[in-house]
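Here's a solo chain for you in structure tokens, the form predicted on its own.
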């Protein structure tokens, strides 16, 4: 689904001592990539940018085009925000804190019901979404407040999936999860992505960027500082100047290359691919 920023500016706490630039002259297209990572240090503008896509924030100047809809600075002109949110789902950093219904099924069904989907289809979507996130039928009538943290997060994500958005925005999706929980969560999002939903992921985790993203947008001081593939970003020296961490597997691979081992960095995506490259390069190293 086409998403374009056209000379977008946004300032927090305007005309106060706390005034701070959120976005400065953003010109951007999200149209050519399936899985986009949005990175940058804290306060760089990442979350501000994605909140403009759903109309949670309105630009001070410029416009945001989301499919055939336009988000403008004038609140009265933004009559299609609800329709945009039906097509663009936003999963907040800790979505489990947004649960409020007395059963899991009711909570997941709230989204499609709110967008006018029939009662029958709403229930079908909710049940399907719960199963998709790895929870079985026994969860339908359970209280979401009695679940573990990881289960609550899955229920919250199911509520977004049930809406069937064309674009899914993830704000630090693995925050607070252990490595195993993080991997399961990312596998879920990859499956959603493969089924045709575009993913925009806000993250500080460069290993996730390297493994899953096909395009990276780097934010700095409210501006887009760099656009590239993950490989091009981490193969250059720019990541240091942009205050980004280095992916752990890339760091290990580059150290082994310095010591004489032949490793193809273009093949490194995660720990498994690193191990495979080490196996191939072992003879050259010895």
Partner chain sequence: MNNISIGRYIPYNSKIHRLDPRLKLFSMILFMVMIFLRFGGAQTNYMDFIVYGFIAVIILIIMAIAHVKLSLLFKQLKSLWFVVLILLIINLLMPNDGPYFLIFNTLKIYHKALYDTAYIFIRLVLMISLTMILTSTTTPLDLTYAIEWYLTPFKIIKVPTHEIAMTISIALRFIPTLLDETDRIMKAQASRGVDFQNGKFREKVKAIISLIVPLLVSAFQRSEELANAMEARGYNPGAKRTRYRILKWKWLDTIALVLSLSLFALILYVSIAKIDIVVLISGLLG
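Numbering follows the first chain given and starts at 1. Since the model is a prediction, treat every value here as computed from it, not as a measurement.
Form predicted together with its partner chain: not shown, discussed below.
Trainee: Using a 4.5 angstroms cut-off on non-hydrogen atoms, would residue 51 count as touching its partner chain in the model of the complex?
Mentor: The answer is yes: residue 51 has a heavy atom within 4.5 Å of its partner chain.
Trainee: If you check in the model of the complex, is residue 125 within 4.5 Å of its partner chain, heavy atoms only?
Mentor: No, residue 125 sits far enough from its partner chain in the model of the complex that none of its heavy atoms falls within 4.5 Å.
Trainee: Check residue 175 for me: does it contact its partner chain in the model of the complex (non-hydrogen atoms, 4.5 angstroms)?
Mentor: Taking the distances in the model of the complex, the answer for residue 175 is no, it never comes within 4.5 Å of its partner chain.
Trainee: Within 4.5 Å, heavy atoms only: does residue 193 come near its partner chain in the model of the complex?
Mentor: No, residue 193 stays farther than 4.5 Å from its partner chain in the model of the complex.
Trainee: Just one of 163, 206, 129, 199 has a heavy atom within 4.5 Å of its partner chain in the model of the complex. Which one?
Mentor: Exactly one listed residue reaches within 4.5 Å, namely 163.
Trainee: Check each of 147, 135, 99, 188 and return the one that places a heavy atom within 4.5 angstroms of its partner chain in the model of the complex.
Mentor: Checking each option against its partner chain in the model of the complex, the one that comes within 4.5 Å is 99.
Trainee: Name the stretch, out of 155-163, 178-186, 117-125, 135-143, where some heavy atom lies within 4.5 Å of its partner chain in the model of the complex.
Mentor: That would be 155-163.
Trainee: In sequence order, which positions of 106-134 have a non-hydrogen atom within 4.5 Å of its partner chain in the model of the complex?
Mentor: Stretch hits, in order: 107, 110, 111, 114, 115.
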